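Let's start with one chain on its own, the form predicted on its own, as structure tokens.
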Amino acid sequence: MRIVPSGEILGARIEDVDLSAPLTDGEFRTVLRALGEHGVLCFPDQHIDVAAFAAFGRRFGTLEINVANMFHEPDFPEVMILSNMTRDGKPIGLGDAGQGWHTDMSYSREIALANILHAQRVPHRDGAPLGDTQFRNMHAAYDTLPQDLKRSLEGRTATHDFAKFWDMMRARPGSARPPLTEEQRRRKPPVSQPIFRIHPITGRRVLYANPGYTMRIDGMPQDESDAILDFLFAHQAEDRFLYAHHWTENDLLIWDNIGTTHNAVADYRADEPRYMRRVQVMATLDYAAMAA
């Protein structure tokens, strides 16, 4: 197994490994450390079935079943389908997943360690791949905040709400997302999260606030909260923190969902098919001990 860093703010390729067989304990430790160091890891040319994909995800923690639970692989409710494709005139996957900057599961009391996607179909135009997934480095975003702002926000929390991103996506022209049911909203009520977290692999602080789900800073007047969140969102949006993954079919991509935010670029048409399998790994293990 060979780790090839991207040379950018995030990203590395993990080469010479076949994920159809389980990772050894040593290989897993190496991958976990690399996830903390590089944030986004690509395993190219992985030809694995749904069961092997889910098993790979479970090595990192419990797999979440999405609260919307709209599209998943047969017999694998934890494996969500992200796709713009249709069958008999009906969508076979969630077509607008992740199209806006966010951190998955920041709206949940139990947060996520990682997201994993396996590319089955990648849209192309004029020979170039479409549908990049973009990332921002929240370790670096924290490190470069003004010191007085770090001091004033240390120990503070902010409210995150699942409905914020969902309703924002529903408001887009042509959205097919239904409104959340009362049961879905009840299952994912707003929660408070630390604005700065200690990363479970690196042990360093990260900025844990994102425009997709973060609503307000707790215990602060609304106008002051809005101004600070606007600053935090503009700060993390600076180009120096940006990394983009350009997809190739059979790429398996895992990214750190605590130390990054991400965005799915929707630059492809309905006749340019995209099909991804996805699992969400919850942060349920002692990663510091496992990476040691």
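Note that residue numbering follows the sequence shown and begins at 1. Being a predicted model, the structure only gives us computed values, none of them experimental.
This next part talks about the form predicted in complex with succinic acid (SIN), which is not shown.
Exercise. Can any non-hydrogen atom of residue 84 be found within 4.5 angstroms of succinic acid (SIN) in the predicted bound form?
Worked result: So residue 84 does not count as contacting succinic acid (SIN).
For this session: Answer for residue 115 alone: is it within 4.5 Å of succinic acid (SIN) in the predicted bound form, judged on heavy atom distances?
Result: Yes, residue 115 sits close enough to succinic acid (SIN) in the predicted bound form that at least one of its heavy atoms falls within 4.5 Å.
Problem set entry | Contact of residue 98 with succinic acid (SIN) in the predicted bound form (heavy atom, 4.5 Å) | Residue 98: contacts succinic acid (SIN) in the predicted bound form.
Exercise. Would residue 262 count as touching succinic acid (SIN) in the predicted bound form under a 4.5 Å heavy atom rule?
Worked result: Taking the distances in the predicted bound form, the answer for residue 262 is yes, it comes within 4.5 Å of succinic acid (SIN).
Exercise. Want to guess which of 221 to 229, 262 to 270, 29 to 37, 235 to 243 is within 4.5 Å of succinic acid (SIN) in the predicted bound form, heavy atoms only?
Worked result: Within 4.5 Å of the partner lies stretch 262 to 270.
Exercise. Taking succinic acid (SIN) in the predicted bound form as the reference, which of 139, 102, 160, 136 has a non-hydrogen atom within 4.5 Å?
Worked result: The option sitting close enough to the partner is 102.
Problem set entry | Within 4.5 Å of succinic acid (SIN) in the predicted bound form, all of 205, 208 and 216 (non-hydrogen atom) | Not one of the three qualifies.
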